[in-house]
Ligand code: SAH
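In the block that follows, a single chain appears as structure tokens, in the form predicted alone.
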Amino acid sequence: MTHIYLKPGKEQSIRRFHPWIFSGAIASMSGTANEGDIVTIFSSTKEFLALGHYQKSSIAVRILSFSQEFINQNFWNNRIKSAYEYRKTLGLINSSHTTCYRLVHGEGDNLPGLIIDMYNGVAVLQMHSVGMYKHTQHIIEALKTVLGDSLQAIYNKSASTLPFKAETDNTDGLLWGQVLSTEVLENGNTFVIDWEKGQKTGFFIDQRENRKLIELYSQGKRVLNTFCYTGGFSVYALRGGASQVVSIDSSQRAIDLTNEAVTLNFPNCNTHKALAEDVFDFFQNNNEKFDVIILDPPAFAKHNSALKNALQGYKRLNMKAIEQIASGGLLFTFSCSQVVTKEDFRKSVFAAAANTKRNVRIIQQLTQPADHPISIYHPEGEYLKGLLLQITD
């Protein structure tokens, strides 16, 4: 096994259990390491620090363990069992009203680079590192051991998430089992999941509790759901008794999925309208006032180099929504960009509000649900930021 030695002082973040080692912290390496190999990390004084996956990027090592242990099948079984037992405490295992949840959330479950979402017995894997990809068979066996007969199938959705320069033979596809159904329940609502062609693993599970909140505030309200994707917020708003729901997305495929979801849950619904249109264009061309507006755009910035433009984008978008919301209305606004901090996001929304000169107050701060846990040692894991705002004249 290759040994990596850190520069003096660079071990401090590891002693604080941060799960990443950046390339600039490395002083030397004994031998060579290939992408995805397990390496041992030592301080400049040759004290053992951790074991992790090596990768040729700015994040040079993703740490698997701060203990000297074997990374074998037993290791994977224990880590996935721990994640499973935690979801059991949340009431997500064998739930009669919710059959989709996140089983493994990367660093939050001490498995950096690995995402596993469960869809009614189907485990959909997204691996963000070659190291995790090399352990695919270990992960399959661990899932079979831990989930037992409740596991129907395992699907790999990593073609778009592995480093683009990595030399792997990875392709999306079924790894094990048989898919019996693509329907899931979320808080009693029914959705059809397309993990083969859909974004992420097929559904934005991280908005589950925020969608439930929308339902509570929708009675008799005119609701605008922008960047609607599969229409999750729209379905909840309709169940909450909204008088009108308008869903907007630039993708016709997203509009089709939204209409399918609405029809599945509310046949013959006449209070919903879906439009394939750019959200900024819609705000520019439409003067209708709404009581509730949802802004859940895709990540405006995936890298720090795009941060400045992203913050301007959030400012423009929120300003348009604040201008167009009825007095006393509510704005649910989100950022899923990991490089955008809570403080950055709030400053952008503050600037947007100030430009409109309307009275805006924060009702609630929103984030990801409990099955997307955040390690206290890895604040970067808190990627979903949201605000519930009330706007008056």
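All residue numbers are counted from 1 along the displayed sequence. Quick caveat, the model's predicted, so the values are computed rather than measured.
FYI, the form predicted in complex with ligand SAH isn't displayed, but the following is about it.
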Find the only residue in Asp296, Asp109, Asp291, Glu215 having a heavy atom within 4.5 Å of ligand SAH in the predicted bound form.
-> Asp296
Contact assignment for ligand SAH in the predicted bound form, among Tyr119, Tyr133, Tyr314, Phe233, heavy atom within 4.5 Å | Phe233
Using heavy atoms only and a 4.5 Å cut-off, decide whether all three of Ala310, Asp344 and Thr367 touch ligand SAH in the predicted bound form.
-> no
Partner contact check in the predicted bound form: of 147-155, 97-105, 242-250, 134-142, the stretch with a heavy atom within 4.5 Å of ligand SAH is 242-250
Hey, in the predicted bound form, does Phe280 get a heavy atom within 4.5 angstroms of ligand SAH?
-> yes
May I ask you to state whether Ala254 is within 4.5 Å of ligand SAH in the predicted bound form, using heavy atom distances?
-> yes
Indicate whether Arg211 is a 4.5 Å heavy atom neighbour of ligand SAH in the predicted bound form.
-> yes
Though only this chain appears here, would Ser129 touch ligand SAH in the predicted bound form if you measure heavy atom gaps against 4.5 Å?
-> no
Heavy atom within 4.5 Å of ligand SAH in the predicted bound form - qualifying residues of 198-232 = Gln199, Phe204, Gln207, Arg211, Phe227, Cys228, Tyr229, Thr230
